[in-house]
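The chain that follows stands alone, in the form predicted alone, written as structure tokens.
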Amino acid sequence: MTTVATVQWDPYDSGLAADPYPTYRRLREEAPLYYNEEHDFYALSRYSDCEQGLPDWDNYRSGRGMVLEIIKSGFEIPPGTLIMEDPPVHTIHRRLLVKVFTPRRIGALEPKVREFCARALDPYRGRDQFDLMEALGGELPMRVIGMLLGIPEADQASVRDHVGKSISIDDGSGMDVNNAALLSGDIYGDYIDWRRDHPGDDLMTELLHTEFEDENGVRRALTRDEVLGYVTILSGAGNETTGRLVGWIGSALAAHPDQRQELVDDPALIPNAVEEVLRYEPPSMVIARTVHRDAEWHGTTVPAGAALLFVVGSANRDDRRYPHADAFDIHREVGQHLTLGLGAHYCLGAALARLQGRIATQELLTRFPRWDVDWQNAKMAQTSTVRGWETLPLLIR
């Protein structure tokens, strides 16, 4: 049953964000269905509950948003906002994007990603310290998304800064969605208009020129607003989550130098190590849904229309699923963690995130096999949608 428990969890509390895992453990044990009266949401924190609920799109809908602030605002989701759509529209739009987001295109990016990592890290050879987020975490995802979408390199930093500003919060409050900056897509309008007349070998061009059969059986091209929606979500999600992943790789390996040395000695372990980082420190801790019809969880009815948060950051640390879940272990059989979602809304960019995480780790370890973190000067970014480092100074040994 829902517990009016002594445990309290506020997703906007930056103090809890610094280390949420003790609170998550208490949620799992004391209030597996948690209700927060102040912000009016329910939350599920156990792996089995999240595993059951996340794929059930019919009962737990995305069409009103997948971020709590957007759900509570009642904001009308723009067309083409794939991660905030429900079937059948979501199915049609996702199928369209899968056709252009192919393994061939992702694989073709590998040499470019490696070249960028080398260019970004080489200037720091011989130095005794540098900020990993400034050098790589804040740069790599932006460059890769720019390559995919066809955004000129000179403009990519402004796109990244726009996204970062739109999701930042003040302590104790959520993201400001009044002007819907995160979803407006206005910053991409000129690129889309230019690409319509100047096609290239990029995702934006394919979105503009491909045809599909929509939910009404009409064969057509995407509208300009739909293309804006696609591009906005792809660039925002791709920039923020993958950038945080790079930072968590840096801090997790600093905290576990013996395991880092294993990766130096045997780089074949790196892909599984990246998977363990994704489980251990997920860049996105929460996936929000709207309850479509009354649902029963732990003896309590969650009413239709309620906001329900699946706390995947807690689920990934559930000892019922992962023995010694609070331990970082690059040899763990990770299997299906929930960081990238589950079911119809499983992260479309999962392969791209893994590619960047693997190459960033390889190139970092090749140049800097040993480092510590200057924890006094490390700073956590303050957002309610992603969790990770704003600055992560590495002390090279």
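Since the model is a prediction, treat every value here as computed from it, not as a measurement. The first residue of the sequence shown is number 1, and the count goes up from there.
One more form of this protein should be noted, the form predicted in complex with a small molecule, which is absent from this view; the next part is about it.
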| Ala344: touches the small molecule in the predicted complex, heavy atom cutoff 4.5 angstroms | yes
| query | Applying a 4.5 Å heavy atom distance criterion, does Leu245 contact the small molecule in the predicted complex? | reply | yes
| request: Examine Thr361 and determine whether its closest non-hydrogen atom to the small molecule in the predicted complex is within 4.5 angstroms. | output: no
| Is there a non-hydrogen atom of Gly138 within 4.5 angstroms of a non-hydrogen atom of the small molecule in the predicted complex? | no
| the small molecule isn't shown here, but in the predicted complex which of Ala31, Ala43, Leu352, Cys50 has a heavy atom within 4.5 Å of it? | Leu352
| task | Select from the listed residues Arg195, His90, Arg317, Arg260 the one whose heavy atoms reach within 4.5 Å of the small molecule in the predicted complex. | result | His90
| said: Counting any heavy atom within 4.5 Å as contact, can you tell me which stretch out of 80-88, 320-328, 294-302, 123-131 lines the small molecule in the predicted complex? | reply: 80-88
| said: Check for me whether the small molecule, as it appears in the predicted complex, comes within 4.5 angstroms of all of Ile145, Leu278 and Leu348 - heavy atoms only. | reply: yes
